[in-house]
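We begin with a single chain expressed as structure tokens, specifically the form predicted alone.
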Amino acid sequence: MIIAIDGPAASGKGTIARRLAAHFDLPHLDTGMLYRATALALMDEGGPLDDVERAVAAARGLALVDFDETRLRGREMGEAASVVAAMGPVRAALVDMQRRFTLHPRGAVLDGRDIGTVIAPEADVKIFVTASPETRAQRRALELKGRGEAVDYAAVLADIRKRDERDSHRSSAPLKAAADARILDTTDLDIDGAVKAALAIVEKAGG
């Protein structure tokens, strides 16, 4: 069983994906980490984020292990990843890696922004997780505060809106719900409620 979970930043898709993977005992891939890791590699080299050639080389050099999540989860890396992810050649370099992950004998759970539309259009279950920008900004601010980062809610909300605009209008694999995806709005749900709703969607689909 392949479960594709897409959605904008801080919608809850990553937590939902991890919980579903644990529930069904399936491997999980947070595809956003690939773009964050690519951006981090460029930043560590001291190169600009808009250097497509170097970004592609960094993407091709990634493995699906050994990600330093402490460095990759910050607000700065989220914004940097959005810049890198808008590059068509970078996305192309990472497509095969993501598609190979779906070939696990038992299936897989993947979350990102183009799983149901590009990476695994044949997925057994597709869920598009969303929430209002204000709710997502509140969640992201709390997450960052929990990591000890200084938080400016207005700046976080501005970042969320900027990423939504960039992700939804990029020329390569824009953020959008697959035609056959179930929409899960988590604006008024806590994480347990969101996971319960997602489980119901999977079970209704025969998972």
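Position 1 is the first residue in the sequence shown; the rest follow in order. Source: prediction; values computed, not measured.
Although not depicted, the form predicted together with a small molecule is the subject of the following passage.
- Interface residue remark: residue 91 is counted as part of the site for the small molecule in the predicted complex, having a heavy atom within 4.5 Å.
- Proximity of residue 170 to the small molecule in the predicted complex falls within the 4.5 Å heavy atom cutoff.
- Contact check for residue 127: every heavy atom lies farther than 4.5 Å from the small molecule in the predicted complex.
- For the chain shown alone, residue 109 is not a contact residue for the small molecule in the predicted complex, no non-hydrogen atom being within 4.5 angstroms.
- From the list 150-158, 177-185, 29-37, 44-52, the contact stretch for the small molecule in the predicted complex under a 4.5 Å heavy atom rule is 29-37.
- This chain appears without its partner; in the predicted complex, the one residue of 137, 81, 131, 123 with a heavy atom within 4.5 Å of the small molecule is 81.
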